[in-house]
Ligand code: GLC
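Just the one chain here, the form predicted on its own, laid out as structure tokens.
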């Protein structure tokens, strides 16, 4: 604790100086304004580091993938009260650490997880390698107090098993990492408890390096929790984490890894978190919607409040029609088992994608702006796919500078009558037999 007030003020100024320096590099003018209207987007104000962001070509695989599985899993699965249980229930760090001696999941099977994701039509996975409670799911020498699955009851490196399982079935390998750690009082008072906060930061750098160095090619690094004391934004804490330095290190090991914006750096894509519906125009940057299949909590919870199949598909098409990916979370139980109800619902999603996946994967938004609760469009090659959220007798689309040569219903290929002139395109839907979830049309253009 700093007793001299002048010394304290000077320390504050010194520690805040890097933040003021990087803030000048923030997105400017039109770039910020184009994202500010999307109120749920996180990362629009992250610091900019020249040369650190991936190119459009490097991002192509991720933007083609469209759909992934998020997995929140760790010690918190034991009590089944969600991933914030330690903080919300005010469990002392010493008491919470005892859970590690009972965390020995006998039914954990990363290959089964990957199989579920694959059958759901997902193209990548993101596992919480370490959440805010500080418990690491791998052999981590950098862990403060050896708080890992490798040094406690399980004696297993779950990250190793998970990364290998993803690659075996051709799924992109994603790792979630939270640099904050509730075990450190310095997280809540980084200026007053600077030495303790520095220990947390040292642990974070060491663990990120381990994840990027020791597990082969990593496709996604999904940061979370970059803000300090649960206050402000991730960018507000850039003075502390120095994300330019951190992610330069990441790039030295994984030059092509797709990085989220939650470290305080702008990242390679933006995030929209939670169940709030996606509306409005196409978002002019790579972005991802992440939300929870069981709406009770992200981590395992015996209370089930699953999204319906229709809600999932509507969220997916609304996201894709606006240029985003969707990352849908499951919470395995303490034994490492994804609940059967989750698997059943995900299989239904996979069945829908078997029929309509051509209108999802590898597409880009447009050429028409979406109309909320009516339709949205994506394009690929010489095809324009129209996702119908309601089915009128006739569909009126804006003018197009290409000639439409055919209009069909998916997945049956039933031809639909249409007319095109300088005022737009009219599609007659009297012969349509729409899918009860989301009807899909395909326009072929010259």
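Quick caveat: nothing in here was measured; it's all calculated off a predicted structure. Numbering follows the first chain given and starts at 1.
Separately, the form predicted together with this ligand exists; it is not shown, and the next lines address it.
Chemist: Assess the spot marked by 138, 160 and 210: is this ligand within 4.5 Å of a heavy atom from every one of these residues in the predicted bound form?
Modeler: Judged in the predicted bound form, none of 138, 160 and 210 sits within 4.5 Å of this ligand.
Chemist: I'd like to know if residue 67 sits close to this ligand in the predicted bound form, meaning any non-hydrogen atom pair within 4.5 angstroms.
Modeler: The answer is no: residue 67 has no heavy atom within 4.5 Å of this ligand.
Chemist: Flag residue 84 as yes or no: does it have a non-hydrogen atom within 4.5 angstroms of any non-hydrogen atom of this ligand in the predicted bound form?
Modeler: Because a heavy atom of residue 84 falls inside 4.5 Å of this ligand in the predicted bound form, the answer is yes.
Chemist: Any of the heavy atoms of residue 110 lying within 4.5 Å of this ligand in the predicted bound form?
Modeler: It does not: once this ligand is placed as it appears in the predicted bound form, residue 110 has no heavy atom within 4.5 Å of it.
Chemist: Residue 72 near this ligand in the predicted bound form, any heavy atom under 4.5 Å?
Modeler: Residue 72: yes, in contact with this ligand in the predicted bound form.
Chemist: By the heavy atom within 4.5 Å rule, which residue out of 224, 333, 79, 244 makes contact with this ligand in the predicted bound form?
Modeler: Looking at the other structure, the residue within range turns out to be 224.
Chemist: In the predicted bound form, which of the listed residues (349, 337, 283, 290) lies with a heavy atom within 4.5 Å of this ligand?
Modeler: Contact residue from the list: 290.
Chemist: Counting only non-hydrogen atoms, choose the one of 130-138, 340-348, 89-97, 195-203 that falls within 4.5 Å of this ligand in the predicted bound form.
Modeler: Contact-bearing stretch, as computed: 130-138.
Chemist: For the stretch 251-290, I need every residue with any heavy atom inside 4.5 Å of this ligand in the predicted bound form, listed N to C.
Modeler: If the 4.5 Å heavy-atom criterion is applied to this ligand in the predicted bound form, 251-290 yields 262, 273, 290.
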